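Next up is one chain by itself, shown in structure tokens, the form predicted alone.
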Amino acid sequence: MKLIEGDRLPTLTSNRLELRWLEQCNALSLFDIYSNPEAMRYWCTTPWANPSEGTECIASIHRCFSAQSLFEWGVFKTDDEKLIGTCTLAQIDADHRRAEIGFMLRPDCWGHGYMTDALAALLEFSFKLLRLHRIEADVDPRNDASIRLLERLGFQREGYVRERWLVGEEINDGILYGLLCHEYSPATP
């Protein structure tokens, strides 16, 4: 079952942001985000070390879109066209109408409500247009900002998974969150 027709993701908008298809011209900006140790502190991999990882990531995003297994948007500020992060639907299961949400934001953009805006647009698209029934999130228990964001958007804590991730030499736990379509309200944030 194909959730999105065409050869690329549609652009999603909020008042201040656009969630857009990532192009190879965005590879260096993507590398700047994912190579930042502060941004990657609670991620499931270590920071990127080589700029070619941005190019490889975008090629992988395009392949996964074709397979309908991952949808990843770049988050751009509309006032200056700057790539400030990403929003992702991963582990997409069209048969069971569920996916896992992921997000990353440049540290210099933290605390301005950008990810609240971006995720609200993504959730609206996911529930209304893709007709997903359930969206899940897996967050590091130390990541207070992401936990607050998910809870503000209506996600419910569903479980604690001990020693879920091995990141470099560090073993990390995870907290599982879920949001059902009938629980989501666009006015939640």
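Throughout, we count residues from 1 along the sequence that is shown. All values reported here derive from a predicted model rather than from experimental measurement.
The form predicted in complex with a small molecule is left out here; the points below concern that form.
- The stretch from 133-141, 23-31, 120-128, 155-163 that comes within 4.5 Å of the small molecule in the predicted bound form, counting heavy atoms only, is 133-141.
- Relative to the small molecule in the predicted bound form, residues 39, 110 and 149 are all within 4.5 Å by at least one heavy atom.
- In the predicted bound form, the small molecule stays beyond 4.5 Å of every heavy atom belonging to residue 83.
- Interface residue remark: residue 88 is not counted as part of the site for the small molecule in the predicted bound form, having no heavy atom within 4.5 Å.
- Taking the partner from elsewhere, residue 145 is found to have a heavy atom lying within 4.5 Å of the small molecule in the predicted bound form.
- Heavy atoms of residue 43 reach within 4.5 Å of the small molecule in the predicted bound form, making it an interface residue.
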